[in-house]
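First comes one chain, alone, set out as structure tokens in the form predicted alone.
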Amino acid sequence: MVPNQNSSADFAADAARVILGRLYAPIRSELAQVETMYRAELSSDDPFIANLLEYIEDYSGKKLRPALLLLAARACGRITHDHIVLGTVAEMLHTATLVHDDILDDALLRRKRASINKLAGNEVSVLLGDHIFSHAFEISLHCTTPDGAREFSRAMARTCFGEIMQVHNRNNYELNEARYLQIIECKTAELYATSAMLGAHYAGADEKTSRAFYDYGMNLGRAFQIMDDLLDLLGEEALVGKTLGSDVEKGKPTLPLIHHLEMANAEARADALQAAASGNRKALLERLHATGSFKYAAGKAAAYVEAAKQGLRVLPQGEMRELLNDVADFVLSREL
């Protein structure tokens, strides 16, 4: 019997949980503390806001950002209460960006359920995201030093810059790969990088090691976003659990399309742009396959993962280094 999409989706989710259970084993108890604090902080005395916050609790998904922070701490020393606080902050900031992303993309699905903007409207969703951002920064000030608050503030300023540049470059099919990479480094990878760096820093790592973890997180974030772009074109909503095809509909030039437009002749380029403009996903996919653009993008993601692993040579060979290598490899197999 051929499995249906729902059973395939369940299988993929179960497989991811098993893999992450192994990868997160050294930080299981600390990640549980982050989860407890995260759910406690996503609360309100007002019933309406409390219901909204409870609904989006599961936006956090696989908790890769706080996990990176905690794993970096474990690799560099010991995990302290500051790490629990900052792991919570990282996940709250990520959740807030997802709330706003769904508004920007007119997304109807998130984690296989209706998005919060679909349920509550854009006005409430904008303010809800702002509420979470503000509360996250308030929590970050509870750490023993202001470094976490300062670095996460810088990271979110960069994230917003990247989102603004992405909106500004909608339907700009002259966008080149270098500019695309700058955008995704800001809007996606920066929060990975800052989380990993703060994990190392608050565990007492020196500047060189902390910088190596920043670079590790940056390379993971680059790979993650490229894989997300591939899934938006090639994935199935039942498997991925969110609205797909939004990049094409919103006129976002992502890496597969950028590569195709650079490789194609004038006629093929015009055909691809027509397919994108008309929402003819099937025709667009055929053209991108013809120029090997999906393979090119996947190769770039794999190269960033390899760079992330190479950067970990600052650590001594051992269990934690191997585990962080496996976390990097997980990014390439994601169906999140």
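Predicted, not measured: the structure shown is a model, and the values here were computed from it. One rule holds for the numbers: they count along the sequence shown, beginning at 1.
What comes next is about the form predicted in complex with another copy of the chain, which does not appear here.
Q: Would you classify F161 as touching another copy of the chain in the predicted bound form, given a 4.5 Å non-hydrogen atom cut-off?
A: So F161 counts as contacting another copy of the chain.
Q: With a 4.5 Å heavy atom cut-off, would you call I49 a contact of another copy of the chain in the predicted bound form?
A: Although another copy of the chain is absent here, I49 would touch it in the predicted bound form, with heavy atoms inside 4.5 Å.
Q: In the predicted bound form, does A157 have a heavy atom within 4.5 Å of another copy of the chain?
A: Yes.
Q: Considering non-hydrogen atoms and a 4.5 Å limit, does another copy of the chain approach S44 in the predicted bound form?
A: Output for S44 is yes: heavy atoms within 4.5 Å of another copy of the chain.
Q: Out of the stretches listed (71-79, 262-270, 124-132, 196-204), which one is close to another copy of the chain in the predicted bound form, meaning heavy atoms within 4.5 Å?
A: Only one stretch passes the 4.5 Å heavy-atom test: 124-132.
Q: Thinking of E138, P146 and R150 as one candidate spot, does another copy of the chain come within 4.5 Å of a heavy atom in every one of them in the predicted bound form?
A: Contact check passed for all of E138, P146 and R150.
Q: Quick one: which residues from 162-178 get a non-hydrogen atom within 4.5 Å of another copy of the chain in the predicted bound form?
A: Heavy-atom contacts to another copy of the chain in the predicted bound form: E163, I164, M165, V167, H168, R170.
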